[in-house]
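Let's start with one chain on its own, the form predicted alone, as structure tokens.
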């Protein structure tokens, strides 16, 4: 392979899975490779673990706010809107808002959700167990994140599909099957903000034990969130909480089917479940990349970086860095240690990491114990994207089983 063959902007390459041969070459030969763009200034590709940690931990030199966290460039007017999302903030603003939102994601609060998540997982598997077949993404993987995030936010059961549909429209996939017009996306954004405003107003008047109540009644430096700040938080949590866990759940089942020896280990020894979840997160992280922008001339891994340059971290590559992981291309549910960066590192470490782990352990535990012979019943159709390593359709068959409830 020649360096000129590498084009990480080519979404069609990702239709067949992550181009690990490209990343392997980059780590060995050009770990801070420059990727040109037809529409954009180009960017530096971070492919090694240590460089990714350095970028992620230095919020002064590598900013999330300066240009946002997506590769593509947007105008200043749109940046103002994006910066209302905590994902696109730098300290001290990010730190202040994170302290508030953290109150909704404490270990104790997540632990209180555990029994409900286990019950939801049982009901989801019940809904397909007798059929002997399912379309896994819609029937299984999408259900638990939607239910549990809405439960955490305090969204009533009758409104959950509405929030889920709005979040899907707002993801803005490059995949033609999911593309919508700018007008539809704007309408979905307005719809999400209107719904958040309605629910927030209710919780201001009648606080409950949910995340919306925490957000609308809490304070940052003595001030409550304004409507734009609260609505932006609601939108971010609804989107991030649904999409990433749905993706990892789908990838987990795909990997277990494709590695029957690993699935057999897990069926025989359920105590390996937590390790299996961590290995799925390492092997197929949901988010493929995030961007930072250099705020001054600097050096990274021996490469000169100029002020204003885009620097993009590629998580599938750093999670298979040979300097950090032994035999990194092998899927091994007993891998230990397993210090993957699927949830990021530093100031922007994923708020929902504990919740995601509880969800993944619950749904995979239920599936492996009750439906241990799931197999592909058709081709796995991947998302046309270099941002989310998603699966859009995965038809499976299995021996029908009775309901547990």
Partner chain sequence: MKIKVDYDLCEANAICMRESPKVFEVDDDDNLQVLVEEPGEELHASVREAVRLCPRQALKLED
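Note that the coordinates shown come from a computational prediction; the quantities given were computed from them, not determined experimentally. Residue numbers count along the first chain shown, from 1.
Just so it is clear, the following notes concern the form predicted together with the partner chain, a form of the same protein that is not shown.
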item: The partner chain in the predicted complex reached by all of 169, 250 and 395, non-hydrogen atom within 4.5 Å; value: no
item: Partner contact for residue 346 in the predicted complex: the partner chain, 4.5 angstroms, heavy atom; value: yes
item: Residue 354 within 4.5 Å of the partner chain in the predicted complex, heavy atoms; value: yes
item: Partner contact for residue 176 in the predicted complex: the partner chain, 4.5 angstroms, heavy atom; value: no
item: Any non-hydrogen atom of residue 99 within 4.5 angstroms of the partner chain in the predicted complex; value: yes
item: Contact stretch among 103 to 111, 117 to 125, 297 to 305, 283 to 291 - heavy atom within 4.5 Å of the partner chain in the predicted complex; value: 103 to 111
item: One residue of 375, 30, 339, 37 in contact with the partner chain, assessed in the predicted complex (non-hydrogen atom, 4.5 angstroms); value: 339
item: Single option in 83, 263, 254, 94 placed near the partner chain in the predicted complex, where near means a heavy atom within 4.5 Å; value: 94
item: Members of 306 to 328 lying within 4.5 angstroms of the partner chain, judged by heavy atom, in the predicted complex; value: none
